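Here you get one chain, nothing else, as structure tokens; it is the form predicted alone.
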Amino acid sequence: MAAPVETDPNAVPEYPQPRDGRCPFAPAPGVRDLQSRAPLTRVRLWDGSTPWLVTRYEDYRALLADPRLSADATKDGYPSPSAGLKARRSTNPTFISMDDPEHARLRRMVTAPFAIKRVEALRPRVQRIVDDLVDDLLAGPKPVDLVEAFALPTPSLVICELLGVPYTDHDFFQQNSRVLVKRDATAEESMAAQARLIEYIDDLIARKTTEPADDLLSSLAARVNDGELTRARAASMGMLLLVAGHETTANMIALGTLALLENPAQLALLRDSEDPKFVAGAVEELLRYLTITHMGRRRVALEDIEHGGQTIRAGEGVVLAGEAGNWDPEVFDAPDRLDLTRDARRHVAFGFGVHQCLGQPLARVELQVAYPTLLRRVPGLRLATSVDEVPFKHDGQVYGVYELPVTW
């Protein structure tokens, strides 16, 4: 049951807000209530700070495109989502928490493999990976946890090949990644997990400086050899790509499959369609509907900004809730309805502006392959438990499910 929304207009509600267990795919009802009240509202974070919360679609896009808002997580007033992330970014920031020109300089070094044409060339390989995993699924026992058997290995295998990381090490990097995206991980736990992952990637880069291959870590190693990049910076970038490359898409595959199982008419549309354009559109709607990053994009004001009838003062934090923006009824009609025929291309599930997700073309291809392949090859797929018993990631920085027991 969701906590009641504050009725005292002077009270500052906590953020993030608890979800309503009866509607596990929806943004927190408290956040949607704030959306109906005003363009910008104050919220209270874990550390007692009270940044502005942005919940409406147009405000979200306008402010994320505003260069007066900084992504620099080391600046005073930056609204860190957790103690763990605050500790990590204060000692080892990656380019996603930097401003231009340094953000753009580092991002350009890893952009090429995620370009649309390069990713489309990977589609047959992604299809083979997904087909092999479904083969194993059908040959194995049932019921089975779809997260472990399918949702997690699909993007993990793909990003490992792209980066040049041995998939045989997946238990190690997945275990440490889980700590990094856990909201209540302590600063010590988070820093330790980060250190282990960076040491691991650093060892790989060291090897690739003398034994390069056709992969992204070898490309970073070459830049280290050329003096464009330090080993430490290269290792941090490699860790970021490894973690982001499998955590987000794995959660989308599992949570999206559950959403489809709970909406059988929509599931049938996707399962039975042979139209790649329809499949692509269906994936956009699932991205809008689920918006698995439920901690908001974070910024801090570099100067006073007048917006929405309020003044964001220099040094004040801003949290931009994309999950609320994607359920803004002013932009998406009946946003609480999963409608795979909807044109949802304007969603902000990957963020907006210069910091929007680098890996979105790859995520799209993985989802466009994973959902239809799974549904067509396992036509009797169904939950092996009730949705009430599915463990959702209410404590995660990326929303999803810990397990998804299914049978057929």
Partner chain sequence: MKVIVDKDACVGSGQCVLAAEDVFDQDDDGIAVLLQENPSEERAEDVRQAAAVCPALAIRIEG
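Positions refer to the first chain, counted from 1. Just so we're clear, the structure is a prediction, and the values are computed from it rather than from any experiment.
Another form, the form predicted together with the partner chain, is not on view; read the next lines as being about it.
Per the 4.5 Å heavy atom criterion, the partner chain in the model of the complex is contacted by stretch 348 to 356, the sole one of 33 to 41, 47 to 55, 348 to 356, 372 to 380. In the model of the complex, the partner chain sits within 4.5 Å of a heavy atom of Thr111. Residue contact with the partner chain in the model of the complex: Arg233 places no heavy atom within 4.5 Å of it. Taking the partner from elsewhere, Arg107 is found to have a heavy atom lying within 4.5 Å of the partner chain in the model of the complex.
Contact annotation: Ala206 falls outside 4.5 Å of the partner chain in the model of the complex, judged by heavy atom distances. When contacts are defined as a non-hydrogen atom within 4.5 Å, none of Gln17, Ala71 and His294 contacts the partner chain in the model of the complex.
Screening Ala187, Leu138, Ala222, Ala115 for any heavy atom within 4.5 Å of the partner chain in the model of the complex leaves a single hit, Ala115. Shown here without the partner chain, the chain has Gln356, Gln360, Pro361, Arg364 in 356 to 392 lying with a heavy atom within 4.5 Å of that partner in the model of the complex.
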